[in-house]
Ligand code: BGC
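Next up: just one chain, as structure tokens, the form predicted alone.
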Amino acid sequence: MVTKSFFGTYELYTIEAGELSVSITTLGATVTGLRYRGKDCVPFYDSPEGYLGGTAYLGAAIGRYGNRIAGARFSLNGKEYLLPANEGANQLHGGPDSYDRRPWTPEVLEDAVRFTLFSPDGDNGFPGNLTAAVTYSVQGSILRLDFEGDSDADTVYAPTSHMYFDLSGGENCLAASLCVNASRYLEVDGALIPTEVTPVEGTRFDFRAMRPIREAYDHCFVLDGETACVLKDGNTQMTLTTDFPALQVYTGEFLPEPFKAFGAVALEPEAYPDSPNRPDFPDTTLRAGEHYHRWAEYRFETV
């Protein structure tokens, strides 16, 4: 069942099916609420002003490129594209005033809502007129996200969802337990730009067996299969499956008030950061006339 209400001047759609209820606003195609068996599982602002004034990308759809592009530039088909930097010398999550701060167009489907956004050629420096879409659907205790995109010129495209999860009911997320299906991760420099792919064996990045998070992370894990990770806190567990090749684990230590430090963990299915500048990474080029589609599913259960 899908119901419509308002979130300030923006529309708000709530999908309820079985034990799960998810609310998404047209502002940034942002998840503003996720309740499993009546329990809040994501942090949220109470008004659009919180999202527009924040810098945490809380629950938003991200594009054109999730994570970082080094030097805010890349080359495609022999041409260099200069992007506006919004994190030091680099571009983060598509650049300033990007998809998370824009109104998306909704379409109500059965137990689902599809949000679309037109991103013109040159938008934050990226080539091609792009139509981006993300569909949120709920069945039972599973939330599914389908990311799509079509461009009239070759471009790079790597969307993601920046949902943070707090299964504890407001306690410290570092006490939560996490398992990540990754035998490798990306080492980063001081600006969080990837340097090399490294085995997790013998490092603090080895989450192949479920264990408490304990420390701060803002790192990309190279996934070994579609079961990306399992997050557990108390008797609530979430399993993320996806066809994205990587997962960013961010413990949210820089989240602003009213979200205290380490109050939630972002689990972002994604392409490798800085792929447009790294021919050794999986290609993130979306060719003109091709259709982009990737998906992620979040299954909640009581254990």
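Since this is a predicted model, take the numbers as computed values, not measurements. In case it trips you up, residue 1 is the first one in the sequence shown, and so on.
Form predicted in complex with ligand BGC: not shown, discussed below.
Trainee: Does Tyr272 make contact with ligand BGC in the predicted complex, using a 4.5 Å heavy atom cut-off?
Mentor: So Tyr272 does not count as contacting ligand BGC.
Trainee: At 4.5 Å between heavy atoms, is Leu92 in contact with ligand BGC in the predicted complex?
Mentor: Contact with ligand BGC, yes.
Trainee: At the 4.5 Å heavy atom threshold, is Tyr57 in contact with ligand BGC in the predicted complex?
Mentor: Yes, Tyr57 lies within 4.5 Å of ligand BGC in the predicted complex.
Trainee: Does ligand BGC get within 4.5 angstroms of any non-hydrogen atom of Phe244 in the predicted complex?
Mentor: No, Phe244 stays farther than 4.5 Å from ligand BGC in the predicted complex.
Trainee: So which of Leu192, Val138, Val113, Leu145 reaches within 4.5 angstroms of ligand BGC in the predicted complex, heavy atom to heavy atom?
Mentor: None of the others qualify; the residue that does is Leu192.
Trainee: Out of Tyr185, Tyr164, Tyr99, Phe126, which one falls within 4.5 Å of ligand BGC in the predicted complex, going by heavy atoms?
Mentor: Checking each option against ligand BGC in the predicted complex, the one that comes within 4.5 Å is Tyr164.
Trainee: Which one of these stretches, 22 to 30, 48 to 56, 234 to 242, 35 to 43, sits within 4.5 Å of ligand BGC in the predicted complex when only heavy atoms are counted?
Mentor: Residues of 48 to 56 come within 4.5 Å of the partner.
Trainee: With the partner left out here, which residues of 218 to 233 have a non-hydrogen atom within 4.5 Å of ligand BGC in the predicted complex?
Mentor: Residue within 4.5 Å: Asp218 only.
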